[in-house]
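The data below hold one chain only, encoded as structure tokens and taken in the form predicted on its own.
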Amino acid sequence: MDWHQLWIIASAPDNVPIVAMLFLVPIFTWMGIRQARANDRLIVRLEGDTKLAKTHHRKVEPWRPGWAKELHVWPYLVRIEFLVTLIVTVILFVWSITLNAPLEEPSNPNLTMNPSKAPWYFLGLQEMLVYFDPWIAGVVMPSLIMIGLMVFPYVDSSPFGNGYYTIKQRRFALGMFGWGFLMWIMLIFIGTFIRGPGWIWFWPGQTWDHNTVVFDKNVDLHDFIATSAIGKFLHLGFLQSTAGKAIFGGLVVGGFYILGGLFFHWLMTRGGLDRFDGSLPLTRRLWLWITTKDKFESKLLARTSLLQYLTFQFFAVSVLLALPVKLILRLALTIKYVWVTPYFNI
């Protein structure tokens, strides 16, 4: 195990933001969850006391006599922002003085770096090229992500969670955003610490050997099924014909969207595990969560129009579900394409 090499990678000037992100993201996530749980306790308290609910102002502690109901932007907000600006400026000064900029010699067309990696903020896209064709990984998927982030506020029918942290009232939205954000962080982490020479998979601590050769045989889904024991027993060799693999791939992709839509619809109506009796075993609480609908979440779903619902389902299945499924298929089963046609491959 070559842990020294891992330290060299982690301490490289252009990888410092990623290492910092691995610590800062959990810290700020914990701070947000802590504030959200405090607000959730207050929500439960105010739901049981209508008189108190009329005077609260969305803080962890309800409003009390003598407290100002309105605060001026200056100095209460701007002062904090100014102090944060000074602190960040000092950090950037120290960073720029102590670490050299990751600049290299002019590009040489006769010498290609191995591995040749994009800046850390583009490593997620570069890693996606392993699982999709360039037109999907470089154009379609980034476009879906950006358009989806712009569209989601308009398909969200919940009036809650604006201006304050809460888990109780935003379970599904937080879960979907958290899953998407975690996937992107994971792709950056893989591209930085896992991918070595030849963009080959090296586990952390494993020496990057430039002479390593991987003999993975990438297969398409129709070939994988047709040549399997079950495929041979059922005589599915017709799946390898031009028309057979195109129709088969279309059915698989269409079925995937249907099952994915049903999966997200099921998730939309679930509540949190904390709404069940905490004295019950975890397996029992998990079973109740799987089989029981949450009235609050169902009411929010009823407020959603058909256009909002279908728009969310399209972006959720295309990005939040298709990306991890394709990643697992490629890494575990070396499956390259799911849908193969004379015009495009997916």
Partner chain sequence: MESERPDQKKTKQLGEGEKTASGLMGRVREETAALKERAIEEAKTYKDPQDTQLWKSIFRVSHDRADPRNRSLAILSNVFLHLHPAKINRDATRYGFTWGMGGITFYLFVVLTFTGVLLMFYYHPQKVLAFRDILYLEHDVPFGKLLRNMHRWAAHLMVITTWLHMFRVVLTGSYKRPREFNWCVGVVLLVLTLLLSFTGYLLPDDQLGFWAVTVGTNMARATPMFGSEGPLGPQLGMTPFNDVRFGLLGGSIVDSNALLRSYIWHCIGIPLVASIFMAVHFWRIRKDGGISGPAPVMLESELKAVKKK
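Residue numbers count along the first chain shown, from 1. Being a predicted model, the structure only gives us computed values, none of them experimental.
There is another form of the same protein, the form predicted in complex with the partner chain; it is not shown, and what comes next is about it.
You can rule out all but one of 189-197, 101-109, 218-226, 243-251: in the predicted bound form, only 101-109 has residues with a heavy atom within 4.5 Å of the partner chain. Residue-level contacts in the predicted bound form: of 174, 183, 267, 130, one residue has a heavy atom within 4.5 Å of the partner chain, and it is 174. Screening 238, 263, 233, 95 for any heavy atom within 4.5 Å of the partner chain in the predicted bound form leaves a single hit, 95. Within this chain, residue 309 is remote from the site of the partner chain in the predicted bound form, having no heavy atom within 4.5 Å.
In the predicted bound form, the partner chain lies within 4.5 Å of some heavy atom of residue 28.
Put simply, residue 139 is close to the partner chain in the predicted bound form: some heavy atom of it is within 4.5 Å. Contact annotation: residue 35 falls within 4.5 Å of the partner chain in the predicted bound form, judged by heavy atom distances.
In the predicted bound form, the partner chain lies within 4.5 angstroms of at least one heavy atom of each of the following residues of 3-19: 13, 14, 17, in sequence order.
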